[in-house]
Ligand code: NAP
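First, one chain by itself in structure tokens, the form predicted alone.
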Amino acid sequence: MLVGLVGWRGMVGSVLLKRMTEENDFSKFEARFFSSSNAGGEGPQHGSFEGRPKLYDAYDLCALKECDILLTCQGSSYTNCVYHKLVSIGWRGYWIDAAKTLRLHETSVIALDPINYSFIKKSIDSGIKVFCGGNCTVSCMLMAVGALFTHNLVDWIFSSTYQAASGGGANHIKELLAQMGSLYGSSEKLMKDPASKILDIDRVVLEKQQQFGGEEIKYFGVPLAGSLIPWIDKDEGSGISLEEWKGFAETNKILGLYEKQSKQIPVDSTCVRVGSLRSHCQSLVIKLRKDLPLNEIEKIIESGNDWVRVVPNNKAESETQLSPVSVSGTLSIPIGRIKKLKLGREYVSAFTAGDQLLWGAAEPLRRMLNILIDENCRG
């Protein structure tokens, strides 16, 4: 089976290749690497392949058409440019995509197999060819509390997100680090002077933040270091950002409810960019369909998949196990601060963290690729 990979140099693509190498995925198929900027150059070393493979042109429809599966992390503009052209010339392979372009198409599935494997399998059997990775916060949320949804216990859910700079891409990480360095540089002399007053340090730092402009805020548009941004992605025009809209649409799409309006589950959110480098956190308020004891709720949550784990609701374990620092680079999905609310016995709150570059992006794509390969081998 020939698998074409596009967009493997970016953040998500790099994490994907690392995971595929760790899991020895390249032993299961022949890989063809495509590039949008370096066709003819050398590709990455992978698996047991000796040397470095030649890079194919990512816009060469004939080379793409030869692939049984195409997996792309190249972004929406690439998908918009290539996918429909490829289908129009007769390609009937499987398209796996990290971008949002085709996620809500009626003939596509958002793949998160620990949550919706049976729906994925049914879709493959029915001839669906497009499988997309979901929004990072949605995927991480469902990895944490998906079992409550699959047990039909969720009446509605509200998420307040704390999303890392890396959600914007590599340039956003660099910009945040540069801002951090500038803030420290502006206050370094005062910081090193034991006699300096904290309000003087505060004043100098604030003045520097307020003076950021041009290249210093090229990607975020406003200062993030020492601050936050209470809006992520486009303005949908009704007080809702595109990131927040995705929470409702994609959650229901993953659960197979997007086309079933009467069965859709309300999902609302306020999405905020914070100054962490990697991994997103979310504070959840969940209205359950019935009153259940906390220990039963925790057991149901932990039964959801092999990666979610309940963190006891105490200060020490919450501080050490529910932060971006504790989960970055891991597949672990911790969820804690689980408690009943004064709103009523059916209301529960929780706090969860997850590496958005892994379960929020690369890992569902890698696993979807393996599902298709396994299905092909059985066929």
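Residue indices: 1-based, along the sequence shown. Worth saying up front: this structure is predicted, and the values here are computed from it rather than measured.
In what follows, reference is made to the form predicted together with the ligand, a form of this protein that is not presented.
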Please identify the residue among 116, 166, 282, 209 with any heavy atom within 4.5 Å of the ligand in the model of the complex. 166
Which pick from 98, 271, 254, 140 sits with a heavy atom within 4.5 Å of the ligand in the model of the complex? 98
Can you check 36-44, 307-315, 22-30, 343-351 and let me know which stretch has heavy atoms within 4.5 Å of the ligand in the model of the complex? 36-44
May I ask you to state whether residue 364 is within 4.5 Å of the ligand in the model of the complex, using heavy atom distances? no
So in the model of the complex, does any heavy atom of residue 171 sit within 4.5 Å of the ligand? yes
Spell out, yes or no, whether the shortest heavy atom distance between residue 9 and the ligand in the model of the complex is within 4.5 Å. yes
Any chance residue 136 has a heavy atom within 4.5 Å of the ligand in the model of the complex? yes
Using a 4.5 Å heavy atom cutoff, which residues in 348-374 contact the ligand in the model of the complex? It's fine if the answer is none. 356, 357, 360, 361
